[in-house]
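Take a look at this single chain in structure tokens; it is the form predicted on its own.
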Amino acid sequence: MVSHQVPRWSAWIFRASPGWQRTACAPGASVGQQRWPRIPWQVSGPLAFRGCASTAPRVPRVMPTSERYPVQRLPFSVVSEEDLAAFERIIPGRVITDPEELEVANVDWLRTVRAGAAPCPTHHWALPFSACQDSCGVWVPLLGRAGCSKVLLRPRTTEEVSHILRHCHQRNLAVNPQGGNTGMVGGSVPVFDEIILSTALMNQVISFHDVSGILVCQAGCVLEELNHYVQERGFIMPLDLGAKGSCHIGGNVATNAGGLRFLRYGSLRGTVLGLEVVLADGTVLDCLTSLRKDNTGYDLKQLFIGSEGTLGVITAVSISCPPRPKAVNVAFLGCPGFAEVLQAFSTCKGTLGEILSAFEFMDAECMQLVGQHLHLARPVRESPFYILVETSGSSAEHDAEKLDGFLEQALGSGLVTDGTVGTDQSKAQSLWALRERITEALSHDGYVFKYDVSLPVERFYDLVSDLRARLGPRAKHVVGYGHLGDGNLHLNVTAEAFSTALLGALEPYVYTWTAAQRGSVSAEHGLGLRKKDVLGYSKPPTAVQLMWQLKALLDPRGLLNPYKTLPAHA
């Protein structure tokens, strides 16, 4: 970012809106990246979880999984001492069987109980991993998914992954690929005793071209570290997520992650140029091209983008990185109603055009929870809705003039009642924190029922209003926020504790409501374990059948990430 002069209308806008603030910065400053918030271990943010210790409580013996839970173990083999010896020959010193290390990999980051346990939705017990024979595969319908894998493998190269999968294919051993384990739908943790194949040590940059901006790297590279790497060379990664400090680029691609830069740079289906993938039988599929144009045959990489590790294990990625913006501005604005939010978005697109890089929205309850649980101050007067607008471009003066024009028009027409603009690194980060840390604030509010849907923007907030009326006092809070520019609503419902009755009021109502609007039941989080059975609300039976045929072709034994993404056969 580069500082710029106070605009012509600033004195007038200060008078019209006393809460309005504008800050400037030193030349050459840039918007920094904020790491995924360190959540207390009870809430289980991935960074915080790795450093904690816990002891599983004594609990009563539980009923067998087959009698209580809707997932049954498929007839895969069980890891033997001979298998461990074979893995040790392939990756010496990187075969992990220590239970304490396995606890981290066996639990997804959204768990709401102590490390090493998963909650029982029937009796609300904490089921320790030592109860594996009886509780293996225990999962809560919304949060706190845990498996009981006994083996974690950490390869460093594609060749090692190939040897591992070839052995598992010969032995009929199920495999759970795992990146940063920051997923929201239970797709990155085992359900039963699947072998966990971690890409954490596959973290090398293979090449970067400083003219084209094309990055080739291994799948285990952390997104934030990649962003720092390319920023030093005048570029940025085309995606940005709240979990950027922990998530891996391979996992991002495998889940087709969206995030905060989607509006400007589009989806990974467009920015990913090539992939290297290891198939279930150990075959290496090398489609790691760096060409922007290649119209020869089927575009096979698209099969693996968003497949959540069910068709192959991504080991390397070629991705196009856009130039690093020279000027970045962030505006945080209050709106009197959702109709005004929509009109502001339309005005924003027409006025800002090519420099618009993000348009996020939050309702008043989101800001209330962020203030209550995280003690973050609201920078503008209280409003029913808030929007965050980011611009990024190559000319500070040009961008400032366009942003000022939008703000003057929005305030003058009543679309915006108050706001603040940040052009320095500290102010921009503090404004983004109000949006990025909503998930953390919700996790402090009790049990969270989370939904990630795509809807036509004109019906975007109606689902939130309908649910508030439907649930009444049974829910503590029903909040809506998300990427309005992409039509992606994050709908969250909090309660004091998990409630089967409340779940019944939410599902399938949320899915049928979304389907009636021709929306998607998963906008960016994927399907994983939790949403696999609602795929039919967004895809017709012929499409689901074709997906199963592709799965059978590429992974006929169903070894890769079983129980995930696709619904059970009828």
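Bear in mind the structure is a predicted one, so any value in this text is a computation, not a measurement. Position 1 is the first residue in the sequence shown; the rest follow in order.
The discussion below concerns the form predicted together with a small molecule, not included here.
- Remark: all three candidate residues (184, 450 and 483) come within 4.5 Å of the small molecule in the model of the complex, counting heavy atoms only.
- Looking at 420-428, 487-495, 212-220, 325-333, the stretch with residues near the small molecule in the model of the complex, meaning non-hydrogen atoms within 4.5 angstroms, turns out to be 487-495.
- In terms of contact with the small molecule in the model of the complex, the residue from 439, 310, 149, 391 that brings a heavy atom within 4.5 Å is 439.
- For residue 531, no non-hydrogen atom is located within 4.5 Å of the small molecule in the model of the complex, even though that partner is not displayed.
- Although the partner is absent here, residue 435 lies within 4.5 Å of the small molecule in the model of the complex, judged by heavy atoms.
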